[in-house]
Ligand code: C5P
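One chain comes next, on its own, written as structure tokens: the form predicted alone.
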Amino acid sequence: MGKDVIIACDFDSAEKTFAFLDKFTGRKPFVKIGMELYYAEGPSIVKEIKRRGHKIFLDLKLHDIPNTVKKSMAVLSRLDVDMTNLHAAGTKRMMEAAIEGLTREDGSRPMLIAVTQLTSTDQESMENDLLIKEPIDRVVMHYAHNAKEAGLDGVVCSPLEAGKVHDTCGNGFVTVTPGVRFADGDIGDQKRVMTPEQAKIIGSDYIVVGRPITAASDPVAAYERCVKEFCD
């Protein structure tokens, strides 16, 4: 499994998204479509970005009763995305239902990964806001184990946890890690962060990078820097 950099296209319109993607005249980057863009533009934005030759991670973080998630995943599977996700906190039954809905008649399906804890969550907020008193590392590993048992392909986790996820679930279990910033960059609202080079060393399979690329004065150069640090 090759490593890859996924650009978070956190824009609020198709116009801004395509103005950004049009800068990439060579290599077509793997892109993440999150809630902001999907809610603004709907399925059409997914289809058009796919038509342009990009791999797509559809980041909608489903979390509902199993039957609702199953039916929703069946709809998303028709969009021909490469990866999508849900919240591991929705229980193993919900994750199993998601796999059922996502799998097409021919047996194919997008990669499905589970969010363990958001990278904006730290131990203090988890204890005070969520009333989860266990150490965050133990919570993440438990959620990852549940996701693997449910048949998922991997998890979204902090790069700080990627190596431990592999230790717990095996090297074939994919780690997708946001919270990646350049060493000389602003960490924004992320609390558990790492550089692309550090994420590579510790075992991330995919890194998700947003503002360090999308807000850069030269986004293509920033993307190529990420690829060089993480993939080469």
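Numbers follow the displayed sequence, beginning with 1. The model shown is predicted, which means the values in this text are computed figures rather than measured ones. Heads up, when I say rigid core I mean the largest set of C-alphas that superpose within 1.5 Å between the two forms.
The form predicted in complex with this ligand exists for this protein as well; it is not shown, and the discussion that follows is about that form.
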Pick from 175-183, 40-48, 198-206, 66-74: which stretch has non-hydrogen atoms within 4.5 Å of this ligand in the predicted complex?
175-183
In the predicted complex, does residue 210 have a heavy atom within 4.5 Å of this ligand?
yes
Contact between residue 227 and this ligand in the predicted complex at 4.5 Å, heavy atoms?
no
Check whether residue 84 has any heavy atom within 4.5 Å of a heavy atom of this ligand in the predicted complex, and answer yes or no.
no
With a cut-off of 4.5 Å between heavy atoms, is residue 8 one of the residues that contacts this ligand in the predicted complex?
yes
Going through 30-54, which residues have a heavy atom within 4.5 Å of this ligand in the predicted complex? Please give them in sequence order.
32
After the core is overlaid between the shown form and the other one, has the C-alpha of residue 121 moved by 2 angstroms or more?
yes
